[in-house]
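What follows is a single chain, given as structure tokens, in the form predicted alone.
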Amino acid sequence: MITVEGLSKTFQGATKGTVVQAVTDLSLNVAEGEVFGFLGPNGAGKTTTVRMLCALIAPTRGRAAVNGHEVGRDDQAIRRTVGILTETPGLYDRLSAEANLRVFAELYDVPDPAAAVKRYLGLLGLWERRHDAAGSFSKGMRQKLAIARALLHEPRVLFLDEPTSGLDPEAARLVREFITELRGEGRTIFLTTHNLDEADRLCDRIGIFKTRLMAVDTPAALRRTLYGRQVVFHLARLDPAWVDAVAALPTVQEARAVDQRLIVRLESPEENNPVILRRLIALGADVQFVGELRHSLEDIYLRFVNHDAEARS
């Protein structure tokens, strides 16, 4: 659905003759029906990438295709067949919510504008406010109205640039739930966000990006690659000798003590946890409970970004 090969973008710098490299040799594929999270710090080039893929700005070099249309050759077709939510959506403040959507429905040649407007205002909880000026809306309501605008023409590919930025928890939750509904409809969603917990919950795969792509995979696969699988055995008392005894088991990759907890790295905890439990009980340990240590997406993200900063310095 989205294919990118060596996509790059440079801008003229503040000093004459200098250039700023915003995106460097980006290559990736996003499958149909996938929610792909594009994560990176401010100034990483995420929004620039979205603008290139939506044919709003031209790449300096490289190729990209969206929904079978090539960037730079089929730009009008791309703009007509994708939906985009920018971080700061421009709405006509003096027009009502309904009138805002009618304008864009007509621009997109939506077959039944009235029905499309009613549907999406209703889905996003704005139908009762349809006659109110967009300028009177809260930030959360404006964001929902902008999402409705992006969906009016039923695009199969949707670009969401920081869709919950600055929203209160209730509005952010509604937007996340709506993204989940869209995913269930089989739409392809390219999502940029600073909310790593949100990306972890919503995205099939994530790309960690800072002018160049540093990693791309499912959150679970990135966790396994960086940390393996780690199980925590909470004990009433921890004898240091038990650590060595567990570490000697053939399926255990590493064992270490933290307070009264034994942390064990191993493959397939489902198969090997019973072996460790039997060994601990035989040694006289009182096992209170067992749980898997799950590193957050924030841990993964910061590890890549900080490693990149160290490598550059």
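In this text, all values refer to a predicted model and were calculated from it rather than measured experimentally. Don't overthink the numbering: it's just position in the shown sequence, from 1.
Keep in mind that the form predicted in complex with a small molecule is not shown, yet the notes after this line are about it.
Contact with the small molecule, judged by heavy atoms within 4.5 Å in the predicted complex, is confined among 44-52, 60-68, 252-260, 274-282 to 44-52. With a 4.5 Å cutoff on heavy atoms, Val305 does not count as touching the small molecule in the predicted complex; it lies far away.
Taking non-hydrogen atoms only, Ile300 never approaches the small molecule to within 4.5 angstroms in the predicted complex.
Put simply, Leu293 is far from the small molecule in the predicted complex: not one heavy atom of it is within 4.5 Å. Though the partner is left out of this view, Glu87 does reach within 4.5 Å of the small molecule in the predicted complex, counting heavy atoms only.
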